[in-house]
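A lone chain, given as structure tokens: the form predicted on its own.
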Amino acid sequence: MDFGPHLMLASLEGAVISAILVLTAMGLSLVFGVMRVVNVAHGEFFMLGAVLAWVVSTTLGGHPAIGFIGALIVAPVLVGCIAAGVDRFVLKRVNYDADRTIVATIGVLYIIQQSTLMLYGPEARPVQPPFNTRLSLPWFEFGENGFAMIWPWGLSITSYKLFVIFAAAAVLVALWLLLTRTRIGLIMRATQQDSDTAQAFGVPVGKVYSWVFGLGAGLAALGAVLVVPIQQAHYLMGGDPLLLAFIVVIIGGLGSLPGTVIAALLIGMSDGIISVFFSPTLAKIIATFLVAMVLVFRPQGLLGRAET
């Protein structure tokens, strides 16, 4: 295969990675932006969403689409409820102190991980995609007569991967509408700006924190449900999403949702392209190097606000 179609396939793979990464990182950024909490257990909520997707799809049986739709509904809601319980019974008890919150979420990480190991087992288990048709894709080649469309049979992608990209975009639009066009979003933004003043005006800050923490975990679980037909679900799969989500949030700016989207696209596309042409290890090294450069030259991130 020539370089052109090879690059196109690598870009599509990078777009799929970006789609999952933006959902996972958006949940982490939302929690930090509103609550000022660093959730180290965020990757385990991702893993829990993947495992629950397997459980739901296996339990429902029948056509794969039935189990997948059930998982899309059940897994994010259930993980969100678990996260809201963690906020109420753990984070609230430590008064959202920065140091104690990190230690507490590390404890939650190991509790979720080991509980999943005992109940689910160490095996990696696949979830069948609801549809998986291979689609031939065109690419364009510049010749003597200008651009010409080439349609090789060897250049293709599965319909499910395209669905993941569009589904993530739809979720981002819905989240933006929630934050900017609804009363719930107004309350969340008011709590983010000044929680004390918001509470003085009657905003139930404690409930808002629980909802936000649950929403952040639910977004991670939703990303896991989308990715588990591509990757297998296992109890140790939360590490890489957590690392990449932290990288995205740091580069984009802590608490900056637009910065998170831009950074997720940057890291996801570069990860996909570099992994195809070179190696996944090099992609992780470059992502870590970008974090170091951002911390040195722009500590607040691409779109983050500098501390005054």
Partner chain sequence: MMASRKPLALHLGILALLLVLFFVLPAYHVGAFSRIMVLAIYAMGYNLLFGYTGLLSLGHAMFFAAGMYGFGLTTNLTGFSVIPAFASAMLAAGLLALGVGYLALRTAGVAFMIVTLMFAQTVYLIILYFGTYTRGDEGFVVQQAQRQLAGIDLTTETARYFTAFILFSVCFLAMAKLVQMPFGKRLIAIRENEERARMLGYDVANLKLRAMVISGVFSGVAGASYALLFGYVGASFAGVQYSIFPLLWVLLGGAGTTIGPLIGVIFMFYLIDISSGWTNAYMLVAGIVLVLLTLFAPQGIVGTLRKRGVAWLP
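Throughout, rigid core stands for the largest set of C-alpha atoms superposing within 1.5 Å between the two forms. What you are looking at is a predicted structure, and each value in this text was computed from that prediction instead of being measured. Positions refer to the first chain, counted from 1.
One more form of this protein exists, namely the form predicted in complex with the partner chain; it is left out here, but the text below deals with it.
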Original post:
Which residue among Val38, Leu257, Leu60, Leu266 has a heavy atom within 4.5 angstroms of the partner chain in the model of the complex?
Top reply: Val38
Original post:
Tell me which of 89-97, 209-217, 170-178, 73-81 has residues with heavy atoms within 4.5 angstroms of the partner chain in the model of the complex?
Top reply: 89-97
Original post:
So in the model of the complex, does Ile165 come within 4.5 Å of the partner chain, heavy atom to heavy atom?
Top reply: no
Original post:
Applying a 4.5 Å heavy atom distance criterion, does Ile69 contact the partner chain in the model of the complex?
Top reply: no
**OP:** Spell out, yes or no, whether the shortest heavy atom distance between Leu243 and the partner chain in the model of the complex is within 4.5 Å.
**Re:** yes
**OP:** Check whether Gly107 has any heavy atom within 4.5 Å of a heavy atom of the partner chain in the model of the complex, and answer yes or no.
**Re:** yes
Subject >> Heavy atom within 4.5 Å of the partner chain in the model of the complex - qualifying residues of 273-289 >> reply: Ser279, Thr281, Leu282, Lys284, Ile285, Thr288, Phe289
Original post:
Does superposing the core leave Ala283 with a CA shift of 2 Å or more between this form and the one not shown?
Top reply: yes
